[in-house]
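Read the single chain below, which is given as structure tokens and is the form predicted on its own.
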Amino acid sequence: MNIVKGCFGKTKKGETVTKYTLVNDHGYSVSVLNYGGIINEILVPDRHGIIKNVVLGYNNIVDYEENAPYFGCITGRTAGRIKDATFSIGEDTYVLGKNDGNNNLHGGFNALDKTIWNITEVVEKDVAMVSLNYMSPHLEEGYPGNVDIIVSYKWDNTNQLSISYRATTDQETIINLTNHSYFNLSGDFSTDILDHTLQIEADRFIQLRKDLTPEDISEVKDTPFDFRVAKTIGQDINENNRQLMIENGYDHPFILDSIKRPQITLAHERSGRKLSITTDETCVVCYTGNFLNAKFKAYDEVPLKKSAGVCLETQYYPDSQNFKLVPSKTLKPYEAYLTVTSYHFTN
């Protein structure tokens, strides 16, 4: 196991961006930036041993700052949309930035995805790990509390990446973190992921309003949202379904079965690559890259097409403060926010 460091450039503010590559004993690796906690690359083999990167991103910091639809980053303090960019805790109402129409998306204008994190490296016999730490000050982007956040990326010899999230606060607040990697297991970013098979252990999903905030909870049975048996992502994506037409594809939270493991499986038949995801979280938001297009040029200037990648964002119910059909959830000063999601790559 090894960690290789390299300079990834400087931000507009002159901050140094460093790339940390966690390499296992087989030569397979995960690369993480201290900017936004971005997963920049995941290099894993196909069934023939050919190693390719399976996550979308860029090879320079300029594109990440100016033209990135949350490629690979830590999103928060809250993942997803907060309706009308407001929420209340007790008698107190907090107003956030409106960076997505009338709503707040993924924490705001200058949220965790644009932060330079402090890094601690750990190398052990079978594990390489980087822990990212950031102290988010009270009322940053409108959120209450000084919140100390640690996100750890652990890569092992079985090609499993575990991401653990921990946070504490000095004032009651909300927090809902996830990673926003776009997966394309083919390793060919000129293609889309509609031929990937996906299985999600979820009997229910959350319907969205036109502004993409949560509206209702429905059964997946007899809908295009039924992924309980593996099917290609493209099988039903063009169905005449109101929910699919709202977003021009999937961008919906699925309420996970907490007993079955793994809860999410993504596979690409031609390459043989498979991704199994296990989480202690409540939901996964499946986003099929509906707004990707040729203006986004990935590594080596490859222009992307719609659905060039799929995001599988494990998290608590989005906007639980405003969505009355689910339990609201806050973090209090005497508690710790703890959650872990693991991504296991096989062929």
Ligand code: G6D
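Position 1 is the first residue in the sequence shown; the rest follow in order. Predicted, not measured: the structure shown is a model, and the values here were computed from it.
The same protein has a further form, the form predicted in complex with alpha-D-quinovopyranose (G6D), not shown here; the description that follows concerns it.
Could you tell me which one of 251, 140, 201, 236 places a heavy atom within 4.5 Å of alpha-D-quinovopyranose (G6D) in the predicted complex?
-> Partner contact (heavy atom, 4.5 Å) among the options: 251.
With alpha-D-quinovopyranose (G6D) left out of view, which of 58, 316, 35, 70 would have a heavy atom within 4.5 Å of it in the predicted complex?
-> Of the listed residues, the single hit is 70.
Could you tell me if residue 147 has a non-hydrogen atom within 4.5 Å of alpha-D-quinovopyranose (G6D) in the predicted complex?
-> Contact with alpha-D-quinovopyranose (G6D), no.
Distance check, residue 268 to alpha-D-quinovopyranose (G6D) in the predicted complex, heavy atom within 4.5 Å = Residue 268: no, not in contact with alpha-D-quinovopyranose (G6D) in the predicted complex.
Going by a heavy atom distance of 4.5 Å, is residue 105 a contact of alpha-D-quinovopyranose (G6D) in the predicted complex?
-> Yes - in the predicted complex, heavy atoms of residue 105 and alpha-D-quinovopyranose (G6D) come within 4.5 Å of each other.
May I ask you to check whether residue 212 falls inside a 4.5 Å heavy atom distance of alpha-D-quinovopyranose (G6D) in the predicted complex?
-> Close contact exists here: in the predicted complex, residue 212 approaches alpha-D-quinovopyranose (G6D) to within 4.5 Å, heavy atoms only.
Site test, 155, 273 and 343 vs alpha-D-quinovopyranose (G6D) in the predicted complex, non-hydrogen atom cutoff 4.5 Å = The answer is no: none of the three residues contacts the partner (heavy atom, 4.5 Å cut-off).
Okay, which stretch from 45-53, 283-291, 24-32, 302-310 lines alpha-D-quinovopyranose (G6D) in the predicted complex, with non-hydrogen atoms inside 4.5 Å?
-> Result for this chain: 283-291.
Any residue of 168-184 with a heavy atom within 4.5 Å of alpha-D-quinovopyranose (G6D) in the predicted complex counts; write them all down in order.
-> Those in contact are 180, 182.
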